[in-house]
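Only one chain is given next, in structure tokens, and it is the form predicted alone.
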Amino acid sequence: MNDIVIVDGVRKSYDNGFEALKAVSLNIREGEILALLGPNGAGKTTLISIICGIANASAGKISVGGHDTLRDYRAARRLIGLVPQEISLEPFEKVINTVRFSRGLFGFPKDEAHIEKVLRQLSLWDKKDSRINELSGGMKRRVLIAKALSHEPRVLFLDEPSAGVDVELRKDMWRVVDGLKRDGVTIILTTHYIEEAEAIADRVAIIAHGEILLVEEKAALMQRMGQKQMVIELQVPVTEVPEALHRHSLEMGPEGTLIFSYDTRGERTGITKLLSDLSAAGMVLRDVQTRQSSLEDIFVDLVRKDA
């Protein structure tokens, strides 16, 4: 699979000495969905802004579709659609004209069929003649997405697109994203709803303090770093881990349960020995449940270690 976006050693520093990005390198594959995750202030929006040509890098190089974003800015920018965090729209313009205007800005000819398709995908067709200031916040967010799709980009950046929107819009948006991926569009997503990234991303990049901590296939990452936990409910709840079970590194759970973490990739999980020791200590099981670490668990753990 070819790389459509190549970020090579990009730095961003300010006059006060603050370094927002520290030699970031990142290759984004054509047709993939990449989730760019990081805490507030990690550098996500700064990186996206530089790739999209909204901000300038202090050092480093970026190419999009083989076009250098500085030497061949127009060709690179025509390939990119951006849905920003902030809602900034002309309040008295009609929805359909707003989307048409965005297409024209990139030098594309009129295509009313495409504009209608995008507006229908986002449930905006019945609002096409409404003025922006008549729309709800969620509907304005839909217009931002329609603007980003107006010129049929090959790379789409979604910077916190779910922030402050309703469930219905989220579902519409992910339906559109799924269709775009099938059409070969590359999608870079930043989100605070990590369960969304877990559901739709192919790869995950985690950024903190202006540095990329890892870039990995989502499935491989969850298999490599995800743990399973076994929640043990006893017939008689306990208030502390019994001394006879200290060797198993158990933790106390809610309502007197015990929690045992284990690696499913290991040759031996330790479960058999734990259950044997429970029985030898005279403890009777009421119930046992297992749960898998989520992408959010992995993300929080990685960022905490880097802090």
Partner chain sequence: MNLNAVRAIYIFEMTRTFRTLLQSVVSPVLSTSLYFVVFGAAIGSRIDTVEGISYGAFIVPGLIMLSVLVQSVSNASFGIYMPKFIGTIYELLSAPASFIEITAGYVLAAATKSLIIGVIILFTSFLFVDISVQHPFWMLAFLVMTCLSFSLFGFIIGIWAKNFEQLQLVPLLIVTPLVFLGGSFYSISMLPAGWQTVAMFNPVVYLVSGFRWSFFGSAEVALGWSLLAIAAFTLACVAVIGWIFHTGYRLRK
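Residue numbers count along the first chain shown, from 1. Remember, predicted model here, so these are calculated numbers, not experimental data.
Beyond the structure shown, there is the form predicted in complex with the partner chain, which is absent from this document and is the topic of what follows.
**Student:** Does at least one non-hydrogen atom of Leu82 fall within 4.5 angstroms of the partner chain in the model of the complex?
**Tutor:** Result yes; Leu82 sits at the interface with the partner chain in the model of the complex.
**Student:** Decide whether Gly60 counts as a contact residue for the partner chain in the model of the complex under a heavy atom distance cut-off of 4.5 Å.
**Tutor:** Contact check for Gly60: no, nothing within 4.5 Å of the partner chain in the model of the complex.
**Student:** Going by a heavy atom distance of 4.5 Å, is Tyr193 a contact of the partner chain in the model of the complex?
**Tutor:** Tyr193 lies outside the contact set for the partner chain.
**Student:** Test of understanding: in the model of the complex, would Asn56 fall inside 4.5 Å of the partner chain by heavy atoms?
**Tutor:** Judged by the heavy-atom cut-off of 4.5 Å, Asn56 is in contact with the partner chain in the model of the complex.
**Student:** Counting only heavy atoms and a 4.5 Å cutoff, which of 209-217, 170-178, 83-91, 117-125 contacts the partner chain in the model of the complex?
**Tutor:** Contact-bearing stretch, as computed: 83-91.
**Student:** Considering Ala205, Ile187, Leu144, Ala201, which brings a non-hydrogen atom within 4.5 Å of the partner chain in the model of the complex?
**Tutor:** None of the others qualify; the residue that does is Leu144.
**Student:** Only one of Leu26, Ile259, Leu278, Cys52 comes within 4.5 Å of the partner chain in the model of the complex by heavy atoms, so just point that one out.
**Tutor:** Of the candidates Leu26, Ile259, Leu278, Cys52, Cys52 is the one lying within 4.5 Å of the partner chain in the model of the complex.
**Student:** Considering only 87-116, what residues come within 4.5 Å of the partner chain in the model of the complex, judged by heavy atoms?
**Tutor:** Ser88, Leu89, Glu90, Pro91, Phe92, Glu93, Asn97, Thr98, Phe101, Ser102, Gly104, Leu105, Phe106, Gly107, Phe108, Pro109, in sequence order.
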